[in-house]
Structure formats: structure tokens, C-alpha cells
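Just the one chain here, laid out as C-alpha cells, in the form predicted alone.
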């Protein structure tokens, strides 16, 4: 298939496909007419890249999965290098979850304190700090 058909079937643009080609993620095969030529395997590569990017993987992190598919494996995550990327991503997500949990706790404490003004002070109006 030609680049326009592949882009349409993959739900992306021809520009994106050319970029992936320049990064070595998509093969650069040309037919006898000089046009880029793709097959169903290339569509599978693109779907793997797209799925991983939807999960938050950057483009370079998709490379081991693409290489695994190119090596003939049925799934991009059936190779040790792909599993290593999964492990790193899980570690990264766990760290982010920890940071977000700490931020949430801080905000909850501040909200609780702001919701209940000290008993010895009159409440202030939200509009200009005037007493009610």
C-alpha cells in the first residue's frame, strides 16, 4: 500500500509516517515506481507505536517493541528489551503516583484549614476581604 492509504488506515498523517521513517521506526521501502511501499506488518508497527504513545511512552521508548515485531515475534512486548521498558515505565509511574499522593495530602490539609477559620476571627467575605 502507499503512504496515504497506510496513514488513513493507521489514523495518522503522511507527515508522521515520514518522521517515523526518518527515526528508523518505519522501514523505507520503495516500489519500482519510486513510491513508498508498505504492508500489513507496517500497519501493525504503527498500531504498536500509537498504543504505546497513548499510554504515555515517548517515541524512543517504542523502539524495542517495534524491533521485536520486526524480528518476527507475534507481539511487540514478547522480547526482553520491551519488558525492560515496561519495568522502567512502571517505576516512573509509581514515582509519579507517590509525588501526586503527597501533593494531594498537602492540598487536603490546606483545604481543611481554609474551610474552618479560627473561632476567634470573624469570617471574611470572598469579595474584597470585608467582614460579613
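Small disclaimer: the values here were computed from a predicted structure and weren't measured. Residue numbers count along the first chain shown, from 1.
The next section is about a form of this same protein that is not shown, the form predicted together with another copy of the chain.
Residue 87 belongs to the set of residues with a heavy atom inside 4.5 Å of another copy of the chain in the model of the complex.
Contact check for residue 110: a non-hydrogen atom falls within 4.5 Å of another copy of the chain in the model of the complex.
Residue 55 belongs to the set of residues with a heavy atom inside 4.5 Å of another copy of the chain in the model of the complex. Contact check for residue 67: every heavy atom lies farther than 4.5 Å from another copy of the chain in the model of the complex. In the model of the complex, another copy of the chain lies within 4.5 angstroms of at least one heavy atom of each of the following residues of 102-116: 103, 104, 106, 107, 108, 110, 111, 114, 115, in sequence order.
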